[in-house]
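Next comes just one chain, in structure tokens: the form predicted alone.
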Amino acid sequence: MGARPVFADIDPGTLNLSVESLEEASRKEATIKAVIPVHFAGLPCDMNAINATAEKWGAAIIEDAAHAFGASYPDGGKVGNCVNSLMTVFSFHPVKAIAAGEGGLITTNDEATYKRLLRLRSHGINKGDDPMLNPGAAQEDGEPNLWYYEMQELGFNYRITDIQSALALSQFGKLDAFLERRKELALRYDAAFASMATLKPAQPVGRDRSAHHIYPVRIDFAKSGLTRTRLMHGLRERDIGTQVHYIPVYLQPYYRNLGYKPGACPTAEAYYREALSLPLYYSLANSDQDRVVSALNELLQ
């Protein structure tokens, strides 16, 4: 698109976009066209404050809700209602709450955006939903040419398949059960880690509103005397898989080659140094979760 990304820092308590950092970034940049807040781990961002800030410079808001299908804002509205954004993007990746193999969903209240998204997902082609740019070729004697279509802009091949859509739709009725079980597991983790000195839940707020896509913790590795590498290998030896969500994106080689440097978002980097995501999924048995907790206690002592 010819745009240049500007990275804003996170709030240490929610791990979501810091509104203060967003405002600071806006003071350093002459033109900001869009703000893309991520509802990290399933906890919705403060969209009222983000919208109020973005409105000052007329920037569009695109919510990244890949983690937050079924989550709720503080006012009770569901993520994706686009009250404070132009559009919201969801993911149906295999590990998400609603899995369709791949693909996703975009919601918007703006009809022009909706119609353009329909074109962009299929090579920029319009087959009659919008006015034709070449009406002389689109019809004959006032009747539409049924075979006619127009490529009105450069688009993509972003069509989700019918089979994937059917799979996703079949799970929608189960979403409440999925969310309730994930919340139950998150609360069990919270209780189990309450007395641990070196490990703390990284996002202990909004349990009633979050979709709980992942369960991140913060570990004081220096105090524990154990590196993250050694801890993850120790857990793997006990058949427990863990992951880190995420390496700050501007530390990746692609962005480093564009001139971005470490230190741009110190709160995000501090979180990354301590981060670990523990197993959390609908079919996780309580006994297996207890085994995760027991292994962490054993290794971190």
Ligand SMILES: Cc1ncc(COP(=O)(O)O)c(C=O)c1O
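Quick note: we count residues from 1 along the sequence shown, nothing fancier. Nothing here was measured: the structure is a model prediction, and the numbers come from that model.
Below, we turn to the form predicted together with the ligand, even though it does not appear here.
For the candidate set Q203, T198, N126, S91, a heavy atom within 4.5 Å of the ligand in the predicted bound form is found for exactly one residue, namely S91.
Distance criterion of 4.5 Å from any heavy atom to the ligand in the predicted bound form singles out K96 from the list R116, R209, K96, R218. The ligand in the predicted bound form is approached by Y246, whose closest heavy atom lies within 4.5 angstroms of it.
Put simply, D64 is close to the ligand in the predicted bound form: some heavy atom of it is within 4.5 Å. In the predicted bound form, at least one heavy atom of V38 sits within 4.5 Å of the ligand. For G103, a non-hydrogen atom is located within 4.5 Å of the ligand in the predicted bound form, even though that partner is not displayed. The stretch from 65-73, 48-56, 264-272, 250-258 that comes within 4.5 Å of the ligand in the predicted bound form, counting heavy atoms only, is 65-73.
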